[in-house]
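Shown below, as structure tokens, is a lone chain in the form predicted on its own; questions about how it binds or moves come after it.
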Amino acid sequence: MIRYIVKRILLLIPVILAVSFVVYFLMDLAPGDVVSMLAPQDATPEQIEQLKEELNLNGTLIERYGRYILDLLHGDLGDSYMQKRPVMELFAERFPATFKLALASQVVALLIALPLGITAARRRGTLIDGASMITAMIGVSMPSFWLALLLIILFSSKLGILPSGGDNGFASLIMPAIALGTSQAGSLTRITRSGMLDVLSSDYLRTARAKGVPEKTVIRKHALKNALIPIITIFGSNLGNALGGAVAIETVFSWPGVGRLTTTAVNQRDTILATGCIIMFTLFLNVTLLIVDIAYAFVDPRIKAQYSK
């Protein structure tokens, strides 16, 4: 297990290098630059060159990227051009809000997906099964930002019972979590149904029923446990993506998270801040997926044996 974890961590190095270079390259191709935004309108060429020197933007793209990677190897994500503050400090300020939204959205997704998926599997081929799958398809197909706008119109504009944006307590978390969690619940519902169908007809479940074990216990303790691996996979992927910043949801609800910070950095051509945030997104996504892989071992001991090879 330790060998597997070390191997996965080492694989992060080329991933981070590739991601950082792509972001750097694309930001350089984008029209406009941070110097033109910071320089006065009547700035002379000498002043512009001096500003480039101050921001360490002189040299070719490869030279600038090389300097960035050298700083990154020392654990320094650099300072934001526009905000004049360390990227890690800005990320740390915004990450708790994103983490809170990500966890809340996954709770919503699980509360929707598990009952729907289990019920659909137990009532396979019935009207309930069909209704559950239609609901799941609607969740998969519906853009989260569109649902977010509908929620704002209904609960904020019409009813006035929930705030339309910001992070001001539990009430302001409800609509963003529902909008983000509902879109993720669709795929989780389908995976739950598929996993449950694979195990519901197993011999050991028939044996448990023959011994008089209550059906709820059969479903909860036997069937669901053995169907957890694909469910954990989708859950971990959804959580990692949410931690990576639900940009559309954070923008619609003016949520002070990392996704909104990254969008602002891209719009302002703040290459250092955008690259640093995306590197941290990549890191958190891979760490989340690693935790998911390790969780497999606790669900199925056969997988733990594979990790030791």
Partner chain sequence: MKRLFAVLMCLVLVFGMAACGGPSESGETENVVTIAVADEFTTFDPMETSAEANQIVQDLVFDMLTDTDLTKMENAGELLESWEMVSPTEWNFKLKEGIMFSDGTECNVDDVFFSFERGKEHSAASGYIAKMESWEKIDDYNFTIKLVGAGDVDFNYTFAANQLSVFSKEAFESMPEEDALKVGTGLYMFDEFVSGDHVTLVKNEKCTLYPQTNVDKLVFKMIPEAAARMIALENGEVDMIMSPDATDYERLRTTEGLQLLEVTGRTQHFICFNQKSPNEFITNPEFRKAVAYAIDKDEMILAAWDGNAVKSTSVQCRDVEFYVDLEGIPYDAAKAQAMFEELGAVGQTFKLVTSDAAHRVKIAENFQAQMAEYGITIECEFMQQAALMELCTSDGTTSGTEIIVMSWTPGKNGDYMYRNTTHSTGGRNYAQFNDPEIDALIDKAAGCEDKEERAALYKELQETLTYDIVGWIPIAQHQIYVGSNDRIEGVLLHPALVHSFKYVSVVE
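Basically, rigid core = biggest C-alpha set you can superpose within 1.5 Å across the two forms. Predicted model, so just to flag it, every value in this text is computed and none were measured. Positions refer to the first chain, counted from 1.
Note that the form predicted together with its partner chain isn't included here; everything after this is about it.
Interface residue remark: T233 is not counted as part of the site for its partner chain in the predicted bound form, having no heavy atom within 4.5 Å. Mapping the unseen interface onto this chain, G75 falls outside it, with no heavy atom inside 4.5 Å of its partner chain in the predicted bound form. R64 falls outside the set of residues with a heavy atom inside 4.5 Å of its partner chain in the predicted bound form. For the chain shown alone, G165 is a contact residue for its partner chain in the predicted bound form, at least one non-hydrogen atom being within 4.5 angstroms. For the residues I219, I178, I152, A121, the 4.5 Å heavy atom test against its partner chain in the predicted bound form is passed only by I152. Comment: its partner chain is not present in this chain, but in the predicted bound form one of S237, T135, S187, Q83 has a heavy atom within 4.5 Å of it, namely Q83.
Stretch-level contact check against its partner chain in the predicted bound form with heavy atoms at 4.5 Å: of 179-187, 103-111, 67-75, 127-135, the positive one is 103-111. Along 18-41, residues P31, G32, D33, S36, M37, L38, A39, P40, Q41 each place a heavy atom within 4.5 Å of its partner chain in the predicted bound form. Comparing the forms between the shown form and the other one, the C-alpha position of D28 differs by 2 angstroms or more, with the core used for superposition.
Here D42 counts as shifted, since its C-alpha moves by at least 2 Å between the shown form and the other one after the core is aligned.
Core-superposed comparison between the shown form and the other one: CA of M280 displaced by less than 2 Å.
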